[in-house]
Every structure is written in C-alpha cells, then in structure tokens.
Ligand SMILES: Nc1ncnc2c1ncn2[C@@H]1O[C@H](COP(=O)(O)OP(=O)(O)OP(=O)(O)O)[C@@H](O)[C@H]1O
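The form predicted alone is given below as one chain in structure tokens.
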Amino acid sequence: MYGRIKEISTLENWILQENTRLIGILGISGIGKTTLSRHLLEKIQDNFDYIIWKNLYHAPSLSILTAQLVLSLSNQTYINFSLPKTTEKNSLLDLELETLLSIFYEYLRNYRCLIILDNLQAILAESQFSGNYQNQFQNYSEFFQNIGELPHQSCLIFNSWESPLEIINLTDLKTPVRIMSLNGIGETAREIFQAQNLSDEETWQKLIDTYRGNPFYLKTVCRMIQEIFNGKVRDYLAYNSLFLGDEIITKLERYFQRLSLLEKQVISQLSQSNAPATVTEILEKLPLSPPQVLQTIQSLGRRSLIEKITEEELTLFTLSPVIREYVKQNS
C-alpha cells in the first residue's frame, strides 16, 4: 500500500476509540478502497472475536448474505441464539429473513465482530442517481440502518463506489456512523514511479496531477511508459496526450453504465471545456431546470465523477483530465 497513513489512523480511531458501528469507505474504482481495508484489518484484527470479509460482487440477496454471515459466526457449531438446538446449519437458508437477522444482531451484541463488505455498489441501481438500491435489494436499507442505530459492540465496514442514501443521512445525526471518501495518494505516488524505474523525476508531478494520484491509473500509465518509452516520462509527455489504456477504460465503462440520463448530459457538457463552470453556466447550456441540475451535480459528486473548486467566492465544477478524456472518446 502506498501512503494512507492518515486514513488508517482515522479509521483506527473511529473503530477502536469511538466505537463506530458502521463505516463506508468510498471512492472511484482504482483509488485503493480494498487495499486500505486489508491493511486496516491487519492492524486491528486482534481487537475482535470474529472477522468476516464478504465480496458482494455477485450481488447476494439479503437472506443469502445474512445466512452466510451467521454460518461464519457460528463457527461450525450449533447456533445458540434464537434457534432450536435441533436446527442444523444447512437449513439456515430455509429460515425467515427476520429470524436470520435476529440471530445476526445477537452476535453483534454479544461478541466483538468486524464485518467487511466489499463492492457494495453491486446491489445499487444503474441508470438512476447515486445511492438507490436495485428493486430486489431494497431491504438492505433497513439492514444498514439497524447496524448504525441498534446498540452493539461490533463494526461493519463497506467499500463502494457510492453510498446508499440512508447511510449518508445517518452521518448527519449523532449516530456512530462515518463515511470516508478517498482521494488520490498525492506525493506518495512517487514510490510507484520509483518501483517502476521511471526516469525524469522532475516531470513526475505532472503525472500525479493529471491522474489525480489514483494508484491504479498511475500503475497503468507507468507500465505503458516502461514498455514503450523505456521508462522515460519526458518522452511520453512530449506527445501532449492522455493515455487511458484498456485497463482504465474497462473500469470507467462499468462506472458510466451506472449513470442516469441527466448525469450523462451534465458530464458531457462539462467535458467540452477545460474551464470550470458555475451552476448558472451549466443551466445556460442545457435545457434543464435548476433542481434537476443541482440534484445531478450532487449525484455526480457522490460518485467522485465531478470536482468542486472555489475561485474568488465562486463555486465551480469541472472534470478530472481522465474523466474528461474518457467522455470525449465516447461521445
């Protein structure tokens, strides 16, 4: 892992000192959410009775996920909580969801459990604004609310491209719920260039700025520079073009599939100019109402696809060079 010392420290404090029950680690694909969670786990694992890591990439129903969690927590013995002793483990899937959840919540109360759910975005809806569930996963909303609001001594962490709406709302209250949005790794990215044996160190900052310190993007362009230019960054920069490559494009394609029609309109408009734009300027160029534009900008921001900057008391919005280039190539 490159950098993230501050993030690890913050997460440790939330979990071990503040007893936070629900934490979302958010960010665009490739920014390092899973890597951060793994390194955090190595540092804090001795503080827990149970640790479970589940990847939601295949979008399990809440019933299946809860049954899997209870099976893992039961540690290959009969479950003592809220379940008759005659019930065998392989019949867990036959239980009502309400019963499974009751058992799961009891484990969270009676033991110190750390649950990590990776790729939570798999259960969220496409072609809508950020934070909405697919229809068959609506019951996850109450599940996460209970994790954040019910008293227990455990912690659930989820990694996602975006957060469910109810969790965003919970962070506004005095509840033990936190969200960490990951940005690039900044100057620490130089360690990637050193590992890849790149030359022309005085030009490295341009790569960091262009790719916004995204570790995956930087590793991808480093491999290309090494393969084509023998590691000479200056030779690559001489072409004054932005390299994406199939690896980055594939990730962004999955990302852009999730966007609503309004988000695609706004992001397409912003891609046409390198200059940041105000809300008023966006409205002047699109046949949309102010509420539509405001909601769209908010959703794009929650998806880490739009950047907000302040200049002379003006609030402006723009795209990172990578996002702008991808949109141009696909418009």
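Numbers for residues come from their place in the sequence shown, where the first is 1. Note that the structure is predicted; figures quoted are calculated from it, not measured.
Beyond the structure shown, there is the form predicted together with the named molecule, which is absent from this document and is the topic of what follows.
Asks: My question is simply whether residue 161 lines the interface with the named molecule in the predicted bound form - judged by any non-hydrogen atom within 4.5 Å.
Replies: Although the named molecule is absent here, residue 161 would touch it in the predicted bound form, with heavy atoms inside 4.5 Å.
Asks: Wondering, does residue 129 line up within 4.5 Å of the named molecule in the predicted bound form on heavy atoms?
Replies: Judged by the heavy-atom cut-off of 4.5 Å, residue 129 is well away from the named molecule in the predicted bound form.
Asks: In the predicted bound form, does residue 143 have a heavy atom within 4.5 Å of the named molecule?
Replies: Because no heavy atom of residue 143 falls inside 4.5 Å of the named molecule in the predicted bound form, the answer is no.
Asks: Taking heavy atoms and a 4.5 Å cut-off, does residue 303 contact the named molecule in the predicted bound form?
Replies: The answer is no: residue 303 has no heavy atom within 4.5 Å of the named molecule.
Asks: Thinking of the named molecule in the predicted bound form, which stretch from 291 to 299, 44 to 52, 30 to 38, 64 to 72 has heavy atoms inside 4.5 Å of it?
Replies: That would be stretch 30 to 38.
Asks: Any chance all of 185, 192 and 216 sit within 4.5 Å of the named molecule in the predicted bound form, going by non-hydrogen atoms?
Replies: Verified in the predicted bound form; spot residues all in contact, yes.
Asks: Heavy atom within 4.5 Å of the named molecule in the predicted bound form: which of 119, 203, 260, 99?
Replies: Only one listed residue qualifies here, and that residue is 119.
Asks: Counting only non-hydrogen atoms and a 4.5 Å cut-off, give the residues of 1 to 25 close to the named molecule in the predicted bound form.
Replies: The stretch touches the partner through 1, 2, 4.
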